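Only one chain is included here, represented as structure tokens and corresponding to the form predicted on its own.
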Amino acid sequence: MRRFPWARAPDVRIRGVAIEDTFAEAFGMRAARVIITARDPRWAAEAAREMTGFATSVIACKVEAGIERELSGSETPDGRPGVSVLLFTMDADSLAKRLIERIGQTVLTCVTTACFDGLPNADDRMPVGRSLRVFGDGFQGSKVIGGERYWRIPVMEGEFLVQETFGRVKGVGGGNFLILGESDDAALDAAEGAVDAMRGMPGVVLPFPGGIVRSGSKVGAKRYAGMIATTNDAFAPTVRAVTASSLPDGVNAALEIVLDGVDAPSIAAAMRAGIDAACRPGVHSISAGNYGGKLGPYHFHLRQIMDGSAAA
């Protein structure tokens, strides 16, 4: 059917919650998957939590990271329980540096752990274990198994096992959607439901605390030169009277969900699950953050995602 330029897009709602006719704009990143194993799930989780600390945004953290999912012994290289972690940076070189830093400081130091590459089919390789081996001060040893070299680094508990190289692939950062609530409680309840629905989905992590962002940002600043990012005042309810607000009437709180993924389909699938879970009483609408298509090449159109026709 031909649509005349003055015709309004049809209203789209899920359980009474409006899905705005907009898109989330995401950008390219470099990604790695690290498999951490340990004697039991407790210590694998401890190492993973430490490894993904202070990794919410590349704006100040240099890396974005999160726990992808827990792994059973049947899913890990050494048959022990484990955790899969995804890490993202803006360029290839810095990703290798961040992996060496974080594995060396948070996994090597954690009791009973071992560390493996989670992207074995990636052609682009980083010399992570090869760099970490020097901590062994010449007492380290290596063994080739199935064409892959593993380093055995002596520590006071015994040995730390780490794979020599880790894969690096092109990923996607900055997938997002906004939950516009009638109250802060309603927005948070919906955001928690969205996070629960997305947790453990393959290929995606939510890098911010609890998967939820209250301090969404805009690029640059209106008053302070040199700031890379400042508060997204268009969605801040307390300043709606003194700024160009994007909040509809009746909306008194907004929360953002940010996603990083190994590819665009993984982000789209997670957004679909999260948005559906967020559509509940007290939520006015679901929106998304973009910069008119100028920030990145990945555009996740909310309505297309929800009707299954999205093609990022």
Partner chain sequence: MSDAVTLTLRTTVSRRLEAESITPDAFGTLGETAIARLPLWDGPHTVPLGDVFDVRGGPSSRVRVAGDLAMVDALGAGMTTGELHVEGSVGRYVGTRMAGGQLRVTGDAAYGAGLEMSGGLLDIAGNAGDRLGAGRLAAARGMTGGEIIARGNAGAEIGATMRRGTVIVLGNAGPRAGTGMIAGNVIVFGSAGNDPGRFNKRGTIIVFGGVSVPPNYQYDCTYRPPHVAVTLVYLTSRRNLSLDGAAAAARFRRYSGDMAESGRGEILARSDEQ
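Numbering follows the first chain given and starts at 1. Predicted model, so just to flag it, every value in this text is computed and none were measured.
As for the form predicted in complex with its partner chain, it is not shown, yet the points below apply to it.
Contact of G158 with its partner chain in the model of the complex (heavy atom, 4.5 Å): Looking in the model of the complex, residue contacts with its partner chain include G158, since a heavy atom lies within 4.5 Å.
F116 within 4.5 Å of its partner chain in the model of the complex, heavy atoms: Yes - in the model of the complex, heavy atoms of F116 and its partner chain come within 4.5 Å of each other.
In the model of the complex, G79 touching its partner chain (heavy atom, 4.5 Å): G79 belongs to the contact set for its partner chain.
Its partner chain contact in the model of the complex: Y224, any heavy atom under 4.5 Å: No, Y224 sits far enough from its partner chain in the model of the complex that none of its heavy atoms falls within 4.5 Å.
Stretch from 100-108, 211-219, 69-77, 124-132 whose residues place a heavy atom within 4.5 Å of its partner chain in the model of the complex: Only one stretch qualifies here: 69-77.
Option touching its partner chain, based on a heavy atom within 4.5 Å in the model of the complex, out of T165, N232, N176, Q140: Here the answer is residue option Q140.
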